[in-house]
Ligand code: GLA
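Next up: just one chain, as structure tokens, the form predicted on its own.
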């Protein structure tokens, strides 16, 4: 990202210099559909980020220029802006004022290199970037946890996306050389070492998004809730599938549908897989981590049924070309696979899998190498 151009644009628009801030997108190595079941996720901040140059202007006006879109917007804290991208900035500022902070007007120019629509959370990066920047320039003393919650509230209240906390948490708390094992129920977290020497992490974007994703997501949440309720009849302490074991699920099998059973089975297994992957990471055992990634994809495809032909094809390519680990990343029905691949196999894997994918589907998939980096910060 050429941040010098952002600084120059800021100077050209506003006749002064501003301060540069950044916040990253994220990947999630393992742990899908575990968040709303009270389980764990394992995200990490990446070297794709949003950047803003910002300076207080001494008024009540917020003047923003989106360099990637070549669009401007001006608003006050009393009026929700018309442009969707401006609502992310507005929401962060508004949520801060609701917490008692005094946020004055500012001028800003922003841009980013987080790929849109690839599941790397460009929106959370934007919220975290402005959350960190506004907190810093006005000395508001919000901690990182509060900034993550402010970003989440922005999505809920001004964008209309009822997201979890993982994306904003990773963007704020990211640490180079570490993933974050986040407990989605308690929001307790710990850093897990991730220094895959001799390996690369690469995302391959199918460039498809199937329409049934949102309705299917809701249906799977309902399956999990039904299974947890059935288990709770025998084990009152089980509020979410996080609390359940496979033995408990088997005991409750007669009270739920076969579909609900297999969905719940995946979630309970996935929570344990993540814990096993963390143990392997602490031991520097990336081959076991890769095995768990393949198991996750198999579960997401066959049990949770949120994969699709394109994702399964890329996963099979990974197996064929000796990739250590590969799985669908995110909610499913399109998007990316995340792959842990040995450096000496990387070129062959990328060259052959992208060619074969295009031959089968008529689409050239997009490839993104990612490196785990620090979270939101002043540059």
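Source: prediction; values computed, not measured. Positions refer to the first chain, counted from 1.
The same protein also has a form predicted together with alpha-D-galactopyranose, omitted here; what follows describes it.
Asks: Pick the stretch from 63 to 71, 307 to 315, 329 to 337, 342 to 350 whose residues have a heavy atom within 4.5 Å of alpha-D-galactopyranose in the predicted complex.
Replies: In the other structure, the partner sits against 329 to 337.
Asks: Only one of 166, 93, 293, 204 gets a heavy atom within 4.5 Å of alpha-D-galactopyranose in the predicted complex. Which one?
Replies: Answer to the contact question: 166.
Asks: Using heavy atoms and a 4.5 Å limit, would one call residue 35 a contact residue for alpha-D-galactopyranose in the predicted complex?
Replies: Close contact exists here: in the predicted complex, residue 35 approaches alpha-D-galactopyranose to within 4.5 Å, heavy atoms only.
Asks: Since only the chain is shown here, I'm wondering whether residue 217 would be in contact with alpha-D-galactopyranose in the predicted complex (any heavy atom pair within 4.5 Å).
Replies: Yes, contact at 4.5 Å.
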